[in-house]
Ligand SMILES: Cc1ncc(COP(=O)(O)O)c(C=O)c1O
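To begin, one chain is listed below as structure tokens, in the form predicted on its own.
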Amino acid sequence: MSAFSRFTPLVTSLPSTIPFVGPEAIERQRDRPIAARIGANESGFGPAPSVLSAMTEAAGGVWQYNDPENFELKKALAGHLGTKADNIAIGEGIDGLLGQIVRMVIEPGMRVITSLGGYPTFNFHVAGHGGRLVTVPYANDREDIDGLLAAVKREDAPLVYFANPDNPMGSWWDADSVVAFARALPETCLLILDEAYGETAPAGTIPPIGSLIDMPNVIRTRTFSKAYGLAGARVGYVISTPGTAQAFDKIRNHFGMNRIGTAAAIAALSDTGYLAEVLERIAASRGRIADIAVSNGLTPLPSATNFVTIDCGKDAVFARAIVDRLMADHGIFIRMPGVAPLNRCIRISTGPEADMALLEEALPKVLEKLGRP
């Protein structure tokens, strides 16, 4: 019997892959620690002290399963958002929720629309459920909403993914344009509106909750991994109509959330002062990264996120060399977009001043070795 015959034909046909090489894997390969972890868009500023206290208190009850209905977290989010708990579904970060959404909508062979070079974990889930990706190139370094809409109509696609603000470029659309895009989609097409970076975006970027809450074919995904500093806790949620939100109960892991992460998320929502402080620090760090780029002859792109994408002025080979040399010579972990023409850039997450100082010292040395653009 073949070693793979126990798997479905779809699983057998897929490569074993991890969309992102983690910094831990790089540390194992190098056999030494990373000096500056500014590549995964985590928050190096960490969660609020009040959140850490809530996690410590919750740890004593970790022998218990988390509430499978996520009642308290839904209630807290509803109050925070100004909506009803029935409009919310909870999941293990946006990545987990994306897998559930694809599972709910896509059968093998169905077409799914996304941007060429957009978030690769979404593509991973589409492939895992047998969907066929149809990609639309970025236009002027941001997602092309007109192109996405045209592709949905051309392919009669049941699912489209659009991130606002965007990863990996940090670009964004204004709220009115996003709402117009959503309302122009056919009712037969479900929109995943990924708002992972919503807290760091400029005013007028994120549509008000009420502007899309009546649309069953719109699912807004959000997370505690970025501005709230809880990437390792894996807490995400969706906002949609009650009927769409309730559909997650048909397939989700009802004990998938952990008690410590849930307590952290509830505490984070109530500490608005700390969030405001972190957003100021993120904005300052974006400016710091941009200044470092400019001083080295590189071009920082405008960013609505907790990272800055930097145009290196050449091609993917040059950008990759910068990423690799920063790691190999200085232990600085950053990333870059995966496809042309976006991969002429590198991407650097905001972080504490100590990390920024290491970057400021290392980048000119790397560019000197490689030859400046």
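Just so it is clear, the model here is predicted, and its values are computed rather than measured. Residue indices: 1-based, along the sequence shown.
Below: the form predicted in complex with the named molecule, not depicted.
Worksheet item: Would residue 94 count as touching the named molecule in the model of the complex under a 4.5 Å heavy atom rule?
Response: Residue 94: contacts the named molecule in the model of the complex.
Worksheet item: Wondering, does residue 234 line up within 4.5 Å of the named molecule in the model of the complex on heavy atoms?
Response: Yes - in the model of the complex, heavy atoms of residue 234 and the named molecule come within 4.5 Å of each other.
Fill in: 4.5 angstroms heavy atom contact with the named molecule in the model of the complex for residue 240
Residue 240 lies outside the contact set for the named molecule.
Discussion item. When the contact criterion is heavy atoms within 4.5 Å, does residue 286 count as touching the named molecule in the model of the complex?
Written reply: Residue 286: no contact with the named molecule in the model of the complex.
Worksheet item: Among 267, 88, 163, 148, which has any heavy atom within 4.5 Å of the named molecule in the model of the complex?
Response: Contact check passes for 163.
Worksheet item: 205, 225, 171, 135: which sits within 4.5 Å of the named molecule in the model of the complex by any heavy atom?
Response: Checked against the cut-off, the match is 225.
Practice prompt. From the candidate stretches 188 to 196, 288 to 296, 254 to 262, 268 to 276, select the single one in contact with the named molecule in the model of the complex, where contact means a heavy atom within 4.5 Å.
Written response: Careful reading of the contacts points to 188 to 196.
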